[in-house]
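Before any questions on binding or motion, here is one chain by itself as structure tokens, the form predicted on its own.
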């Protein structure tokens, strides 16, 4: 059912059980600020992007790959996609290629002929961007080294971290020679006890990139979207009404959206032809 112009409707992917309490909480807070807010959840980003263009909701909470899917679809269909806001923690992230501390591998070049463990095939942070980093260093996946993908919940673009965690465990067990993961998840795995102190060594770090954003298409009700954006940017971490929600969503403040941090992922998508099947499907729809 198409979104109406009296309620701001958000589309999001249910990548974790915490998604429902997060958006329920924001729904209550937006209501307290005079904005009628609702949300719809999808099992995967491809369906979410499709439904955004079908008019099912006004604003998408998009993964970086879903942002590129939306932007490219908009370009092909004569529409406009804008990133209006993102978390402070979505900006300037890096991914790592990690080896065991006792590994003889001391450089990317020494991964030639070995096996790298990655997250899901559609994970920007644990597959696409690290493999692009390798390619720029002269090591092409499946030509110069084998790739073992841990395809956990494909369609959720790696948001659930499951594939990264499995790659980390495979590294420790010796199933792979190196593993790809977000810098922050390397720390998370240490806190979880997966990586004990001194168990791993960072072999390479990618260039910085950006993660999720709120995406709006042309034709969305301008006044509702502007109110939503203003309220987001007005949230303060020291406000007890929203602090727990911001902790769950992993941010200290919302920032204006920017698109300069997606070039590395876009280059990876071009190299590995990641976007083509989705764009072909959208051109037929």
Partner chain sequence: MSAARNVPRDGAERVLDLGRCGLDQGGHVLLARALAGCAPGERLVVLGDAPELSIHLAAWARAAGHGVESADSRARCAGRLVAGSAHLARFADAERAGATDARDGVHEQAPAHWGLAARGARVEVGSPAFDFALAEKRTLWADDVGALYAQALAAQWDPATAIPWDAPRPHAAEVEDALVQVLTYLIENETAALIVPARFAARIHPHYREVQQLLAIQAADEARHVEVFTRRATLARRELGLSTAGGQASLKTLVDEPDFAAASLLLSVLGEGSFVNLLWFLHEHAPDECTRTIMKLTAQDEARHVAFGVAHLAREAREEPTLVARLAAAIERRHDVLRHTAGLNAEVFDALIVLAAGGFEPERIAAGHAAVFELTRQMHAGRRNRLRLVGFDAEHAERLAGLHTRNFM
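Predicted model, so just to flag it, every value in this text is computed and none were measured. Residue numbers count along the first chain shown, from 1.
Just so it is clear, the following notes concern the form predicted in complex with the partner chain, a form of the same protein that is not shown.
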Single option in 160, 201, 82, 72 placed near the partner chain in the model of the complex, where near means a heavy atom within 4.5 Å: 201
In the model of the complex, the one of 173, 107, 77, 191 near the partner chain [non-hydrogen atom within 4.5 angstroms]: 191
Location of the partner chain contact in the model of the complex, chosen stretch of 44-52, 246-254, 57-65, 25-33 [non-hydrogen atom, 4.5 Å]: 246-254
Distance check, residue 148 to the partner chain in the model of the complex, heavy atom within 4.5 Å: no
The partner chain contact in the model of the complex: residue 115, any heavy atom under 4.5 Å: no
Interface membership of residue 102, the partner chain in the model of the complex, 4.5 Å heavy atom rule: no
Partner contact for residue 205 in the model of the complex: the partner chain, 4.5 angstroms, heavy atom: yes
Output flag, 122, 275 and 279 jointly within 4.5 Å of the partner chain in the model of the complex, heavy atom basis: no
Residues in 83-101 with any heavy atom within 4.5 Å of the partner chain in the model of the complex: 88, 89, 91, 92, 93, 94, 96
